[in-house]
Structures are given as C-alpha cells and as structure tokens.
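The data below hold one chain only, encoded as structure tokens and taken in the form predicted alone.
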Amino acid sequence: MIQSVKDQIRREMSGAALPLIAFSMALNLSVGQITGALKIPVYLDSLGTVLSAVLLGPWAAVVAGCLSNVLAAALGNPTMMFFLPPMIAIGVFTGIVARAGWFRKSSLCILGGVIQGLLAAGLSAPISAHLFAGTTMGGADFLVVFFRSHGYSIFESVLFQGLLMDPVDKVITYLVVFSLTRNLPGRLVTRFPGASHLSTSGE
C-alpha cells in the first residue's frame, strides 16, 4: 500500500503536473486577493486547489493549496497560515469526488460544492472564532456582525456565516473548474492523471 501511495504521489507531482501546481498557486493567490480587496462575500481562493485536485489528484491539490496559503501569509495576509486545515480538506475531498466522476456532470459538481462548503465551514469556524474573534477582513464579515447583533455567540455567528456562504463559494468554484476542464483542449487534458475521470462530451 505504501508503494501504491508513493506511485500516486509521483504521478501527481512530476512532469506536466509541476507547471499546473505553480499555476494553481498563482490562481489561488490572485483571485483571493481580488475578492478580498473588493470585499466580495465569497472567497474563490481555492480555485487553483480544486483545479489541481481534478486534473492531478488530492496530493498535488494539498501541496498547491497549502503553499498558496503560506505565500499569502508571507505577502501580507498572515491569517491564511491558520487556515491550512480547511485547504487540506478541500484538496482531499475534491480529489476523491473527482476520481468518482463528479466533475463529469454539473449537477454532481453542485452537490459536491455544497458538501465541500459545509465541510469547510465546519473546519473554519473554530479557527476564525477562537483566533480572530470572528473577523478576517473578508467580504462576509458583515454576516458575523449581523448574527452577533441578534445575540448569537462569536462561534455561532461564524458558523452560521460559513454555513450560508461557504457552500455558495464552493459551488461557484466547482462550476468554474467544471467549465474550464470541459473547454480545455483534449490533448492538454490527457497529459494529466485526472483526465480519465473527466468527460469532454455533453451531459
């Protein structure tokens, strides 16, 4: 089993995979910075992680996601260092559902995005509530303030905000990656390990 895992990691982290991982990191950083600057109530900062998970696999997605968070922290957003667990969960979960063929149909993508969003909300809420008092300077902070004004605790407010907005964020992310992978040239997609789990034909 250990050898099988090593072989899988080697497939996901070699050849054409390395430029894609670098691109995925840049995508996470750039889109995350744009949505943060515009105070949009969705993050979209895991687009690259999801793309890597679909085209390469969970190991590559975890690497791309974690390194992009570390770079974001180094570039002036230190809070991102504390949100490595949700990013790891995004990479692993997306890699699993991509292998199961969920990125062959938009309906399954939507379902996957909802589940992923709920999982991310559950992992992020304790971090945001206990380390940052519920505010991370993101566009959805107003919802935390709204729930707090109605008497909910910091943790409850952060959790409710996440349960409302994270599924929306992840559904958008999943659908963007779904559309992107379906419109990439077939000869490019087939260079990646995840190609066999995708469909280039209509639903």
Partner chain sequence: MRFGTASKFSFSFALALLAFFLPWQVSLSFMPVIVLLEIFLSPFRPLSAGAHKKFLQFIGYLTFLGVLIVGMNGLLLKSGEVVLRLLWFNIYDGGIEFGLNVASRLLLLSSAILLFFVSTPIKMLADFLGHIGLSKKIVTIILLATFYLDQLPQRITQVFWAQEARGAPVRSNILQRLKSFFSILAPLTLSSLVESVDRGMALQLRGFQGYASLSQPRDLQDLKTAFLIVFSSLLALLSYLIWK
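Residue numbers count along the first chain shown, from 1. Remember, it's a predicted structure, so these values are computed and weren't measured experimentally.
A second form of this protein, the form predicted in complex with its partner chain, is not displayed here; the remarks below concern that form.
Visitor: So, residue 79 and its partner chain: in the model of the complex, are they within 4.5 Å at any heavy atom pair?
Guide: Yes - in the model of the complex, heavy atoms of residue 79 and its partner chain come within 4.5 Å of each other.
Visitor: Applying a 4.5 Å heavy atom distance criterion, does residue 40 contact its partner chain in the model of the complex?
Guide: Output for residue 40 is yes: heavy atoms within 4.5 Å of its partner chain.
Visitor: Residue-level contact is defined here as any heavy atom of the residue lying within 4.5 Å of its partner chain in the model of the complex; does residue 67 satisfy this criterion?
Guide: Contact check for residue 67: yes, within 4.5 Å of its partner chain in the model of the complex.
Visitor: Quick one: does residue 163 come within 4.5 Å of its partner chain in the model of the complex, counting heavy atoms only?
Guide: Outside the cut-off, so no.
Visitor: Counting non-hydrogen atoms within 4.5 angstroms of its partner chain in the model of the complex, say which of 115, 73, 108, 84 makes the cut.
Guide: Among 115, 73, 108, 84, a heavy atom within 4.5 Å of its partner chain in the model of the complex occurs only for 73.
Visitor: Taking its partner chain in the model of the complex, which residues of 144-163 have any heavy atom within 4.5 Å of it?
Guide: Contacts from 144-163: 145, 148, 149, 154.
Visitor: Relative to the form shown here, do the C-alpha atoms of residue 38 and residue 123 sit closer together or farther apart in the model of the complex, given a change of 3 Å or more?
Guide: They are farther apart; the C-alpha distance rises by 3 Å or more in the model of the complex.
Visitor: Taking the shown form as reference, are the C-alpha positions of residue 33 and residue 88 brought closer or pushed farther apart in the model of the complex, with a change of 3 Å or more?
Guide: Relative to the displayed form, residue 33 and residue 88 move farther apart in the model of the complex - a change of at least 3 Å between their C-alphas.
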